[in-house]
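This document opens with one chain alone, in structure tokens, the form predicted alone.
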């Protein structure tokens, strides 16, 4: 599974990294540090990836079975 974080949609609420601390982190401005990126999620962190998706009020985080074009 892959996770993708849309940097344009991220508004810095911080809910994603609060519920997924082993997968995501924050930057100096309070945004998710990984915004604008995509990568393969380790199997043991899939639950956190889905929790981050559910926690994002902007819908900036997507978990998919196929790699995004830039992964």
Partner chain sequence: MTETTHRGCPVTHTDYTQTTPIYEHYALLNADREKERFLFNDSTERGFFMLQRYEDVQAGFQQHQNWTTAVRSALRPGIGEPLLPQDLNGEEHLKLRKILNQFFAPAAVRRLEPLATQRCIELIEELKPKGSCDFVAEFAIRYPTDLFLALLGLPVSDGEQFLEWSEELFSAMLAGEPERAAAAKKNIIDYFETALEDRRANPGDPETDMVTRLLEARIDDEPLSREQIHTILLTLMLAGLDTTRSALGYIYTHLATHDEHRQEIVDDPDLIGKAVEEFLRLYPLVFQAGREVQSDQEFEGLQLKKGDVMWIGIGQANRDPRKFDDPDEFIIDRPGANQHLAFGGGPHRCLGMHLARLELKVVLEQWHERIPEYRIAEGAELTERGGQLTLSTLPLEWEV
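Quick caveat, the model's predicted, so the values are computed rather than measured. Positions refer to the first chain, counted from 1.
The same protein has a further form, the form predicted in complex with its partner chain, not shown here; the description that follows concerns it.
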| item | value |
| --- | --- |
| Contact of residue 62 with its partner chain in the predicted complex (heavy atom, 4.5 Å) | no |
| is_contact(residue 42, its partner chain) in the predicted complex, heavy atom dist at most 4.5 Å | no |
| Proximity of residue 49 to its partner chain in the predicted complex, heavy atoms at 4.5 Å | no |
| Contact flag, residue 21 vs its partner chain in the predicted complex, heavy atom cut 4.5 Å | no |
| Residues in 23-37 close to its partner chain in the predicted complex, defined by a heavy atom within 4.5 Å, in order | 26, 28, 29, 30, 31 |
